[in-house]
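The chain below stands alone and is given in C-alpha cells; this is the form predicted alone.
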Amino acid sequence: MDKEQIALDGPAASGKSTLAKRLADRLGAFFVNTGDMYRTLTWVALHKGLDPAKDIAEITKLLHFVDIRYVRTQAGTMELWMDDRPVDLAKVRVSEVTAQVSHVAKIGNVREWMVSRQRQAAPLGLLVMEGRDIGTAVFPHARYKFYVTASPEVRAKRRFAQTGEVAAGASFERVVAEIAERDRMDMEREHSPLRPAPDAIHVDTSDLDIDQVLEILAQHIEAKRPE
C-alpha cells in the first residue's frame, strides 16, 4: 500500500498544497496536508502558553494527551481530526502559528509521532501526501515522489496571497527573509530535514502556472504506473 502513495515534498510556499489538491482531484485520490498536523500541535502548544522555541519537554509531553490524525469520514472524505472532532483549519492557519511551527517540527519526538500517524493514513486509500519528509521518511518506498520548489521571491508573493499566512503590515522583504529562515531551519534540523528524496522528480515552479506543473506531475505518474 505504501508503495502506491504519491509523495510531494518542498519548502514553504512552493505551491505544493494547491498542486497536491489538484493532483488528488485529478487522480480520484485523497489529499493529505501534513503541515496542518504540525500546525495543529503548534496551536495547542501556543494555546497552553508554551514557547515552541524553548519548551521542548513540555511540548513533547503533549503527545501523550492529544491525538492528531487524518480520518476517512462516513461521507468518504478525508479530514484532519484532533481527538474526537475535526480541526478548525482557520484557527491553525494563522500567522502566529506559521511563525512558530518550524520550532515544533524540528523536535525529534514530535516528528516520529507525526510520521507514525501519517503512515496510518495509507490504508485509507490512494493518497497525495504533501510535506517536507514524505518521500524520505513517511513513504520512502513510494513509487511516485516529487520535490517542488520555487525562488524565495516567488514564494514570498504566493505567501502574500495566502490568507492568514503573513502578519499584518509585513513587508515583502521581511517575508522573503522569513521564508529563507524557515528553509534554513527545515534543512538543517537534525530529524528528517527538508531535502529531496534521491529518486524524486524535481520541479521548479517559479516560471510555471499550476496547470503546467500539474501536467508535468500527471505525466510522470502515468509513465510509471504498472501495466
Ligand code: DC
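What you see is a predicted model, and the numbers here were worked out from it, not measured in a lab. Numbering starts at 1 and runs along the sequence shown.
Heads up, the form predicted in complex with the ligand isn't pictured, but that's what we're talking about next.
- Under a 4.5 angstroms non-hydrogen atom cutoff, the ligand in the model of the complex has residue 38 among its neighbouring residues.
- For the chain shown alone, residue 101 is a contact residue for the ligand in the model of the complex, at least one non-hydrogen atom being within 4.5 angstroms.
- Contact check for residue 189: a heavy atom falls within 4.5 Å of the ligand in the model of the complex.
- Taking non-hydrogen atoms only, residue 111 approaches the ligand to within 4.5 angstroms in the model of the complex.
- Residues within 4.5 angstroms of the ligand in the model of the complex, judged by any non-hydrogen atom, belong to 124-132 and to none of the other stretches in 124-132, 145-153, 67-75, 80-88.
- Proximity to the ligand in the model of the complex holds for all of 34, 105 and 182, with the criterion being a heavy atom within 4.5 Å.
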